[in-house]
Every structure is written in structure tokens, then in C-alpha cells.
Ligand SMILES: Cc1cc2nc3c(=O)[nH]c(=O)nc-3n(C[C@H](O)[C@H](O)[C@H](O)COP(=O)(O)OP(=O)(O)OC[C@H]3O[C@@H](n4cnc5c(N)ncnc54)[C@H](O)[C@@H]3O)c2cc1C
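Quick setup: one chain, the form predicted alone, written in C-alpha cells, and binding and motion questions come after.
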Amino acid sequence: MNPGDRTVIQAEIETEYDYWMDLRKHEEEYYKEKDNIAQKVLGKLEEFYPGIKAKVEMIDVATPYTFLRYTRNYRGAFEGWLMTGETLKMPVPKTLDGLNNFYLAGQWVEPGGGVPTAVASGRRIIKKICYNDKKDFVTKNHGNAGNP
């Protein structure tokens, strides 16, 4: 999730869908609240990592409205599945009967969801395709972006 010489910090905070949908009707207040939250989170990070504020290059605050706008997920859901003991063990099919060479990847076929899970899901499907095609699964390691 980063170009190697940068670090991404992602904070997930539960919130109310209706609050953000109502606030979005007042654009100036909506953006002011997003900035307010960003500064509060950055302030908390500063307590754990003194000096981090001066090093931050970019902040993005995604609300339920943001997720609804970009993904059309129900009520702005940012993950596909709620993580529970039951869903963690629940297998979700990645193929469909009668449809050859078709694979499903993404947050809706993995417990949890979100960007990291979707990326890992795609990687696992590519690995499976390589295995089925009797090809080596080879990746390139771009800095600290992940293991091959």
C-alpha cells in the first residue's frame, strides 16, 4: 500500500451512517467535520509517535458517504463481512459451477473485507491460476511492499 519509502497508517473508526448522510447535505460542515476528525486522529498519533504531525504528507478521511459514493455498498459499508469467529472459518466459493476459467476475488468473497483483504484475495486467485496452469507463481518485491 505504499511506494517503499513512505508509510501508510490507516485508522478505522466506527460511526453512524445516518449522521454522515445528514451532514453531507451541508457540504461546508461535512468537510469541516472530516478535517476535525483527521486532526483528532493525528493528535492521538502524535502522542504515540512524537513528531509525526510534521512528517504527514497526506490525509484522507473516508466516511460512509464516501464508500457509498465510490462503491455503492449498502449504507456505506467499508468491509464485506463482519469479522466473527463464525465468518473467519466460513469458506466462500471463488468459482461458479459450469463456468470454466472464472474466479471471484475481492472483499465480498473473503471474511473481513477492505482494500488489503481484496488485494490478498486477488493474489491468491492468481496463485491458484498459476497452479492450475502448471506455471510458477513469481512476484517482484518492490521495496517493503510485501513478500513474494
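The structure displayed is predicted, hence computed values, not measured ones. Here the rigid core means the biggest group of C-alpha atoms that line up within 1.5 Å when the two forms are laid on top of each other. Note that residue numbering begins at 1 and tracks the sequence as displayed.
Omitted here: the form predicted together with this ligand. The next part is about that form.
K.L.:
So in the predicted bound form, does any heavy atom of Phe67 sit within 4.5 Å of this ligand?
P.N.:
Looking in the predicted bound form, residue contacts with this ligand include Phe67, since a heavy atom lies within 4.5 Å.
K.L.:
Wondering, does Val115 line up within 4.5 Å of this ligand in the predicted bound form on heavy atoms?
P.N.:
Answer yes; at least one heavy atom of Val115 falls within 4.5 Å of this ligand in the predicted bound form.
K.L.:
Quick check on Glu79: any heavy atom within 4.5 Å of this ligand in the predicted bound form?
P.N.:
Yes.
K.L.:
Want to guess which of 101-109, 51-59, 37-45, 22-30 is within 4.5 Å of this ligand in the predicted bound form, heavy atoms only?
P.N.:
In the other structure, the partner sits against 101-109.
K.L.:
If I superpose the two forms on their rigid core, does the C-alpha of Phe102 end up displaced by 2 Å or more between the shown form and the other one?
P.N.:
The answer is yes; the displacement is at least 2 Å.
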